[in-house]
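Quick setup: one chain, the form predicted alone, written in structure tokens, and binding and motion questions come after.
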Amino acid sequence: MKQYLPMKVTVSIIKADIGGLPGHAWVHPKILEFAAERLREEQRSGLLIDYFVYNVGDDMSLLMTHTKGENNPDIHGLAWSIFKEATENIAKKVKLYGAGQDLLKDTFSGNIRGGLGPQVAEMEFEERPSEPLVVFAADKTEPGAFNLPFYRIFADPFNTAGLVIDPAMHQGGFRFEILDVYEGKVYLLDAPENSYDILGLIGTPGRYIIRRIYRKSDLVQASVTSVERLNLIAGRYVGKDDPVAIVRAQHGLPAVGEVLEAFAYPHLVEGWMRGGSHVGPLMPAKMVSIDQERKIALGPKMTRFDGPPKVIALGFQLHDGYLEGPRGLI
């Protein structure tokens, strides 16, 4: 009988808007194809274990698995070079709207976080015997748009029955790492004990963002969300922040159905067009197509007023660092 040996793997999502077709509607298919080919080359070279490329509206996400850990300059440098090259060779060439708008610097300085512009969500962990992953991406909204659904996933027993009936979750609950993006302060608060304090913070999603969530009993990391605020970095409006996130599911963590159920309620978020001129519901949206062989998925386009704010979910099974799937989940 084959013995299971845990493997430490890093799952990274790095996302940027480098030009829309037309306006802020969609990512040009040639950009997705270019990114997939570049990632395929790096998989062959051994830098990456696996990858997948997808978009929501005008935002392109690079999903990568590797063993380099978080904030690795080779991984971040790869993503940066893909965004820069696609901007210069495709987006600017065909005059896409807002070509390179999320790239706030001219040169890469070793790490995308903290000033270059793209959104980053990364998580390093040991693979469990079965490792379901749900990756989320949103368009025309703000990072704090995930605050309410993530609270419901990990702290609301009316959404997540496992908090009541699964001993691994019932005995301790979850720890929320919340970032104050204005002052850089980090709050570590436990649910259910500090539920009112958690809600008091995340009810201001433009300032307080749930960055990471851990199972309190053993500090197994369950989720990570991007928290970069472009207007705070650039000092001016340069585009919506459009968050990405990774959630681990099952086996002592919320079930996939519990993770998705939290997005069934279309709560109001800031977003839409012209720097968030409207407030409206965060709407689950289906992918237009998923090509597993080419490792490319085409996401939903905008409808009216550059909106509504949209969220997609892709489901993968991770095995030895490889991404089995995905399946469109909402």
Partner chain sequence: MMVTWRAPVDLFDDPAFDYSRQLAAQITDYIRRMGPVMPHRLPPEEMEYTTLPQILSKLKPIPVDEYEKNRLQYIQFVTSQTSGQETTGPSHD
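Fair warning: this is a prediction, and the values are worked out from it, not measured in the lab. Numbering follows the first chain given and starts at 1.
The following text describes the form predicted together with the partner chain, which does not appear among the structures shown.
Listed stretches are 161 to 169, 242 to 250, 197 to 205, 133 to 141; the contact stretch with the partner chain in the predicted complex is 197 to 205, by a heavy atom cutoff of 4.5 Å.
For a residue to qualify, one of its non-hydrogen atoms must sit within 4.5 Å of the partner chain in the predicted complex; all three of 148, 214 and 281 qualify. For residue 89, no non-hydrogen atom is located within 4.5 Å of the partner chain in the predicted complex, even though that partner is not displayed.
Residue contact check for residue 266: one or more of its heavy atoms lie within 4.5 Å of the partner chain in the predicted complex. At the 4.5 Å threshold, heavy atoms of residue 70 reach the partner chain in the predicted complex.
Although the partner is absent from this view, residue 177 contacts the partner chain in the predicted complex, with a non-hydrogen atom inside 4.5 angstroms. Of the residues 189, 155, 78, 260, just one reaches the partner chain in the predicted complex with a heavy atom at 4.5 Å or closer; this is 189.
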